[in-house]
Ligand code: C2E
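There is one chain below, alone, in structure tokens, taken in the form predicted on its own.
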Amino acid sequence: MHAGQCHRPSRPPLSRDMEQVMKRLNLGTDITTGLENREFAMVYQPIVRISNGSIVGFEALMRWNHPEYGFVPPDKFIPVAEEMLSITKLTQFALSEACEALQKFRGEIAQSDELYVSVNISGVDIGQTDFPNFLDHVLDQNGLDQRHLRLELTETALVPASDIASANLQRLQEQGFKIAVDDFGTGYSNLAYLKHLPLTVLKIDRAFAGDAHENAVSKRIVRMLVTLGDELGVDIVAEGLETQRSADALRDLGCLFAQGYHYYKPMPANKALDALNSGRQCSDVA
């Protein structure tokens, strides 16, 4: 060691918890860059009528191909985006892409006036003052109306966290938007709050719908939820159906609509259009 130099102790390695914190911070910063670099894309999973397998709509799902981490699942980056307040940019991207795709579908498919796209919305979005205005803008831009766009929220996100969120939910219902409760039955498990929500679609979580054909408890829960939907006058969609036995069980329990790998896997817009044209199941996964 030369005179005058001081020894600097080596920096201790980061703990696992700190590594996770740093990774979350990096992901939060990368979301904005990723949008600019077109690293995000939307894929579409058809929603079908159980009785004949015809496609009635699509759920739009977001995918992120990160340059360093590769495929990052939505359940990893969406919570980060909510914390870092970049979720609004992701939601605007999803809505714009999904509505543009639906406009193309409708332009190429005869008798597609009732075809819709369903987009997942964060509770943070509902709390933004100008959120309804953005919805109006993106619909107008693509020649669509409120019948063509469904907004999916989790049970927790549908419990208004502010007066703005409550007012927005009421405004959206009055404008004719269909609002879906996603993964129903896995949130508060309290049916009382449903009477205060502008609910028009109820999606039965795969945890119940997927094994209703062989699990007596799941079967009872599905039957109860279908009855609840009928009483509330809302559409019922079963999620996560993977076998014909599951589909048959849900049909026999009175459920009209479903989505899952038994019918179609999520696919890019061009493959979704092929599925609409052919009516056949598609095995392409995105």
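Since the model is a prediction, treat every value here as computed from it, not as a measurement. Numbers for residues come from their place in the sequence shown, where the first is 1.
There is another form of the same protein, the form predicted in complex with this ligand; it is not shown, and what comes next is about it.
Contact annotation for Leu241: at least one heavy atom lies within 4.5 Å of this ligand in the model of the complex. By the criterion of a heavy atom within 4.5 Å, Ala249 is excluded from the residues contacting this ligand in the model of the complex.
Proximity of Ile78 to this ligand in the model of the complex falls within the 4.5 Å heavy atom cutoff.
In the model of the complex, at least one heavy atom of Asp182 sits within 4.5 Å of this ligand. Proximity to this ligand in the model of the complex, defined as a heavy atom within 4.5 Å, holds among Ser96, Ser122, Ser112, Asn215 only for Ser122. Between the options Gly34, Gly57, Gly260, Gly229, the residue in contact with this ligand in the model of the complex by a heavy atom within 4.5 angstroms is Gly260. Residues Arg147, Gly176 and Val237 are none of them found to lie within 4.5 Å of this ligand in the model of the complex, as judged by heavy atom distances. Judged by heavy atoms within 4.5 Å of this ligand in the model of the complex, the contact stretch among the candidates 249 to 257, 37 to 45, 215 to 223, 229 to 237 is 37 to 45.
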